[in-house]
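First comes one chain, alone, set out as structure tokens in the form predicted on its own.
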Amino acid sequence: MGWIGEQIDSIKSIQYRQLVTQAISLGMIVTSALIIWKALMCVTGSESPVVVVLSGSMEPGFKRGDILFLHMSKDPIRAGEIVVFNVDGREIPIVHRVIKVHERKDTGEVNVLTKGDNNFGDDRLLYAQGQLWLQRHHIMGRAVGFLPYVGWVTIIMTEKPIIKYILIGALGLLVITSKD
């Protein structure tokens, strides 16, 4: 009957108690991941403590697929720092270097201009229409560390969704058919 037939027979033979136990175990894994993510958010002060570099705009410093670890402190943002920011109207955050900072002494407001290390010009074309500077609320965090190439898993699953569905299906089948 083959491997698939054996797996289907195995699924059919699972007792109700085993199925509930496996569902609870899966729920605990997902809940644990969410708790760890929220704890990282609290510790780092960043709404997204880990991001993947999705383009080559920061080469040679950071390459596509590198994972960046972020931290957001109350310290002033300075030229030369690498920041991750969101632009109004775009879902995907951008990783670029701060090239200019303007601080208004009277209001304390900080305006920031960024640029990708591998780009010719500044990022004003990436900002929302009519926007010339980023404000502090646009910045998600400062890069404080990185892991090279580990983010390729995320990139592949985003660009080739079929791989994601195959992986999820295989893991689900593994969880359902595994014996205690």
Partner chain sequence: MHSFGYRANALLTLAVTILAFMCGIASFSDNFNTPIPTTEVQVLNINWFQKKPDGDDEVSLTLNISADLQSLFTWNTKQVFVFLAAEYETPKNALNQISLWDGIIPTKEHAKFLIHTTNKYRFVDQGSNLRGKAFNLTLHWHVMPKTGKMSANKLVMTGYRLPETYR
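Note that the structure is predicted; figures quoted are calculated from it, not measured. Positions refer to the first chain, counted from 1.
As for the form predicted together with the partner chain, it is not shown, yet the points below apply to it.
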Touches the partner chain in the predicted complex: Leu54 (any heavy atom, 4.5 Å): no
Within a 4.5 Å heavy atom cut-off, is Trp152 in contact with the partner chain in the predicted complex? no
Report yes if any heavy atom of Gly27 sits within 4.5 Å of a heavy atom of the partner chain in the predicted complex; otherwise report no. no
Please run the contact check for Ile99 against the partner chain in the predicted complex: heavy atoms, 4.5 angstroms, yes or no? yes
Those residues of 72 to 91 which, in the predicted complex, come within 4.5 Å of the partner chain by heavy atom: Arg78, Ala79, Gly80, Glu81, Ile82
